[in-house]
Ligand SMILES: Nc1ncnc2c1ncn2[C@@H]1O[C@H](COP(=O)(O)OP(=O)(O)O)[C@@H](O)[C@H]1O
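Let's start with one chain on its own, the form predicted on its own, as structure tokens.
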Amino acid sequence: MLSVLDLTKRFTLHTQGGKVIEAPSAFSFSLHEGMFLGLAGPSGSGKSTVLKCIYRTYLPTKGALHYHSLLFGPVDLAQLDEHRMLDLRRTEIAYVSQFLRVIPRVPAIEIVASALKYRSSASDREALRKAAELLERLGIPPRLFDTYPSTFSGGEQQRVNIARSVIWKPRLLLLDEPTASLDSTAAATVVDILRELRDAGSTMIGIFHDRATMAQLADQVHEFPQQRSVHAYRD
């Protein structure tokens, strides 16, 4: 489903004399449909950058990201034009970051329900029902459904973030520390939800600070090296 070949992303530090950091450098893997790949390693080794390159928040400096999409067939995400990439985000690929970024003054239940309505034929009533069930399962009480997430704690915001990304059952789900702000009970619920998605056919790539959590989900784990590749010349 996804084959990443020699992925490299360079960052030029102009405030440090043009020093160039490669993170990751020549990173490769192949992932079949329905599998879960865990990314492990020290902070700054390039784990989040890999996810952002696949989601195309970042453009890779080198390498190819061959993805077998339902919408367009085989594509290279590193070369895909912006309009087609947006279409894939709308229909197939979701990304859970460590932070919730939403339009202000939109209730939590509407944020989650709209993610489903936008990507399916679900009616408003059906989308709201499913959003309520998922939010309550994640520990958001009904009294907060109509509240703006900007007033929530970090853990509550993260649960809304997860609900918004999983409710439409994306084909490829990218997870950047989805349980970092959660207590053990909420984290266990997230693991259960992700396991159900994987068993239903979703493919996932995830970063988890807690190795035990990752071990419950990952079919394979890629270990990133301790040091980033640093060059003391201008790129």
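The structure presented is a predicted model; accordingly, all values stated were derived computationally and were not measured. Residue indices: 1-based, along the sequence shown. The term rigid core refers to the maximal set of C-alpha atoms that superpose within 1.5 Å between the two forms.
Another form, the form predicted in complex with the named molecule, is not on view; read the next lines as being about it.
> Wondering, does Ser181 line up within 4.5 Å of the named molecule in the model of the complex on heavy atoms?
Close contact is absent here: in the model of the complex, Ser181 is far from the named molecule, nothing within 4.5 Å, heavy atoms only.
> Examine Ala218 and determine whether its closest non-hydrogen atom to the named molecule in the model of the complex is within 4.5 angstroms.
It does not: once the named molecule is placed as it appears in the model of the complex, Ala218 has no heavy atom within 4.5 Å of it.
> For Gly44, is any heavy atom within 4.5 Å of the named molecule in the model of the complex, or not?
Yes, contact at 4.5 Å.
> Contact between Met214 and the named molecule in the model of the complex at 4.5 Å, heavy atoms?
No - in the model of the complex, heavy atoms of Met214 and the named molecule never come within 4.5 Å of each other.
> For the chain seen here without its partner, which of 193-201, 29-37, 164-172, 44-52 has a heavy atom within 4.5 Å of the named molecule in the model of the complex?
Only one stretch qualifies here: 44-52.
> Can you tell me which bits of 22-39 touch the named molecule in the model of the complex, meaning any heavy atom within 4.5 Å?
Going through 22-39 in order - heavy atoms within 4.5 Å of the named molecule in the model of the complex - there is one hit, Ala23.
> After a core superposition, would you say Lys9 shifts its C-alpha by at least 2 Å between this form and the one not shown?
It does not, since the Lys9 C-alpha is displaced less than 2 Å between this form and the one not shown after the core fit.
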